[in-house]
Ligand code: PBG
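Quick heads-up: it's one chain on its own, the form predicted on its own, in structure tokens.
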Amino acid sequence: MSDYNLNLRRYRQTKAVRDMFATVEISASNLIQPYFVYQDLSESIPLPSIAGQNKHNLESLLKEVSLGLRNGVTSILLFFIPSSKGSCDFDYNFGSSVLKGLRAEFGDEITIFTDTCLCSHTESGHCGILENGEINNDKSVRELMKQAVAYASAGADCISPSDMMDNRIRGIRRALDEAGLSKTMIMSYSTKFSSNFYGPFRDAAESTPSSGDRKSYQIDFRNESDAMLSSLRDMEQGADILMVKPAGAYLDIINKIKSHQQMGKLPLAAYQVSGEYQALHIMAEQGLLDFDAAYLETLYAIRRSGAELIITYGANKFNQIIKR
């Protein structure tokens, strides 16, 4: 056994030395900024549930995306909140008009991901179509196929199904291909847990279920096998990008998917969800931590676990924070 004394502190003495030996890097190009866009909104309004975020109309969205571009953020994820909700007859013209406006303004400067789900459109707040108190999986998938084609036709680069209906990736891929939209990517919320960290988002997206919960279609956080099978199935059905949501409490799942012989070959995203992000702000407000430092720490942890892409509400501020 060697009696050599390894002095690891030599690698940590100064910032320049620490930077030289860092094994994990993040740039703004790894980050995706979410936006909430509301129909019939006259002006941008702050969202009290998620610090620094706003309710947007098209005009304010264009300004915010332009600001993000100046800060190096070229990827956005859109959530559309219509002014009226239904039970089975949904209108995607509002979201489509926003997409056309963005594409006309920015062309190929940005990559547009669009959340594809029914929760903001349904009276129930559920992610699928309810019949007699139960989700009709197949009807929901057919509706998601229509929504995906509408958004892709209007300019979305990537369809992002967050609903967790069985076999919706296969249906959406087929619908896109049949509509001549085979270049459109699919980023599947492939491993989406039934989490306690979604509260601020549900307030922002006006998508809290009016009754019951989502435990029958989102993954039980105790079930690792379900988590892995869900992503494996979505990969086999045509997903271009896999995703784990939430990120911070599921770094082990991110790492296992990225280490998987088959799934690890696909790009992997992770969503730092509203509750995770807002918790940092609340602790910072109480003087319990430095937000910028803690925020960077969480991003590096997610990146280190294996995610190439991170969806985070602070993406537009990343370059400002990292330079401090």
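When you see a residue number, it is the position in the sequence shown, counting from 1. Computed from a predicted model, the values in this text were never measured in an experiment.
Note that the form predicted in complex with the ligand isn't included here; everything after this is about it.
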| property | result |
| --- | --- |
| Touches the ligand in the model of the complex: S162 (any heavy atom, 4.5 Å) | yes |
| 4.5 Å heavy atom contact, Y151 and the ligand in the model of the complex | no |
| 4.5 Å heavy atom contact, R202 and the ligand in the model of the complex | yes |
| Any non-hydrogen atom of I172 within 4.5 angstroms of the ligand in the model of the complex | no |
| Heavy atom contact within 4.5 Å of the ligand in the model of the complex, the stretch among 116-124, 248-256, 141-149, 96-104 | 116-124 |
| Residue (of T184, S230, S75, Q218) lying close to the ligand in the model of the complex, criterion heavy atoms within 4.5 Å | Q218 |
| Contact set, 244-282 vs the ligand in the model of the complex - heavy atom within 4.5 angstroms | K245, Y271, V273, S274 |
